[in-house]
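The chain that follows stands alone, in the form predicted on its own, written as structure tokens.
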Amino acid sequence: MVSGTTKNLGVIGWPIAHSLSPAMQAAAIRAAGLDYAYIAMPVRPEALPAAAEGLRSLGFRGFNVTIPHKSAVMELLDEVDEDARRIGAVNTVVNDNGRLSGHNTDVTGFLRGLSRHGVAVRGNRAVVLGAGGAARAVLWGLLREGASDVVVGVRNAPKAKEALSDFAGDAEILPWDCDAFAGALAAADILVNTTPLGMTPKTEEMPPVDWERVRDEAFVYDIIYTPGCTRFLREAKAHGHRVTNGVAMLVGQGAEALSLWTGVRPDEGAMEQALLEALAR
């Protein structure tokens, strides 16, 4: 029950009505018996500075940040951690007595999706499909954890090289239709789709992957979670690959955020159940 002692949390974005974070975080808060409340707050882009200052002044313990504010909010904060700096986006803000610190828990969520399936990153070769905002968190996670080789496959290599220029030297960017990319695909231990291809409602789309070239042992990861099994994952499973979707990443990033705010490790099972129920609705 909300009372005068309840600490406030939330998520800001525009639009925000579609957010699944309130369902997940409310479930975790109930399971842990915490005196917190979590709400969704629509914030127009032009109102972001006022909103951030208002949440600071109102004593919100913290808030999540989603599209379109994840990069713009960075200049409004007192400090930003290494993950957020390398990714170029903040998705979690912690308010310590008026001092706002920015974090990016997407990288933790992504890596949990691998660890849940016993997939090691260190020393393994990875191929990432796509070079958008989500790809940056995946790319940084793979590099941070010691992948031996990371190749980014894209439709438009010059555009992707510009977007990922700060990762130059750390990862090779190749067009999907070149021989060098086909070779990288054949050598990959981990294959990750970060593109929106296959997401609801265009569920029959997918990146161009020649499954005959992919090693049988390669683990296939699609960070999309609507639908739960994309065409990309269906085809991977049909070729015998172990797979996972984006549910674990979404739950993992939310759990890490709640831990930063409260110091309590939340029940990820409760969060995942609430997420799946919200998706079903």
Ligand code: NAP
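Position 1 is the first residue in the sequence shown; the rest follow in order. Bear in mind that the values here come from a model prediction, so they are computed numbers and not experimental data.
There is another form of this protein, the form predicted together with the ligand, and it is not shown here; the text below is about that form.
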| property | result |
| --- | --- |
| All of G130, T194 and M249 with a heavy atom within 4.5 Å of the ligand in the model of the complex | yes |
| Residue contact check: R155 to the ligand in the model of the complex, 4.5 Å heavy atom | yes |
| Exercise: A134 in contact with the ligand in the model of the complex, heavy atom 4.5 Å | yes |
| A27: touches the ligand in the model of the complex, heavy atom cutoff 4.5 angstroms | no |
| Proximity of W176 to the ligand in the model of the complex, heavy atoms at 4.5 Å | yes |
| One stretch from 220-228, 53-61, 33-41, 234-242 that, in the model of the complex, holds residues within 4.5 Å of the ligand by heavy atom | 220-228 |
| Partner-contacting position among R85, R99, K159, R116 - heavy atom within 4.5 Å of the ligand in the model of the complex | K159 |
| Contacting member of L143, M199, A184, L77, with respect to the ligand in the model of the complex [4.5 Å, heavy atom] | M199 |
